[in-house]
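Form predicted on its own, single chain, as structure tokens, below.
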């Protein structure tokens, strides 16, 4: 290169232009990186925010209850937690205990349990009218039943296929889609002993527990859901049908021989 053509001003201009270009790209890359680093809130983040807000409300209410109270103008007293707890303890100690009357909470073999068994023996047989299997199923009932099924799927599986060695399948089970009284009574009383489902013998290692603490509407919803899920198709279960068998609550777990034989 001819030294006579070397112009320092040109070199400085080129140098500063290069700095400007690199600086511009640096700013662009920084903006892109910043935008990517800010991820949208997840459902867990939103749930956590709500939990913190609820916690703050509860703690604020507790602080208010234990704060200074103005009884009259110019006079305040502090509510001491130990005084509050002592007062509640005295109330509980002075309360006369009463016997549990809910049949789903009686102790097996107790006098209350025997009384329930005696009443069941003398009661008239219960019959319910099957609903129309071709009638459309209310989607709201199915949604409610799906929520309640979360308790059932621990043993019967999320897909109703059952768990080997623990619980038989609900999918395609003749006991599920058969006479409506069978699943109702099993839900209210539980089920023990051997049972054959879809031609396979199952000997339950432990009786299925009763879930009679659920309301008639809840039981009707979950049974309707089970009878119309996992490939099953059967009539809906109504709350009145469940109510008709409430008199059996508190009786020992059913055996397959006590159920109505499916067709």
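Numbering follows the first chain given and starts at 1. Fair warning: this is a prediction, and the values are worked out from it, not measured in the lab.
Although it is not shown, the form predicted together with a small molecule is what the next lines describe.
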Exactly one of 166, 137, 144, 116 comes within 4.5 Å of the small molecule in the predicted bound form through a heavy atom, and that residue is 166
Check residue 186 for me: does it contact the small molecule in the predicted bound form (non-hydrogen atoms, 4.5 angstroms)? yes
Does residue 155 reach the small molecule in the predicted bound form, with heavy atoms at most 4.5 Å apart? yes
At the 4.5 Å heavy atom threshold, is residue 61 in contact with the small molecule in the predicted bound form? no
Interface membership of residue 209, the small molecule in the predicted bound form, 4.5 Å heavy atom rule: yes
Would you point out which of 234 to 242, 193 to 201, 51 to 59, 23 to 31 contains residues with a non-hydrogen atom within 4.5 Å of the small molecule in the predicted bound form? 193 to 201
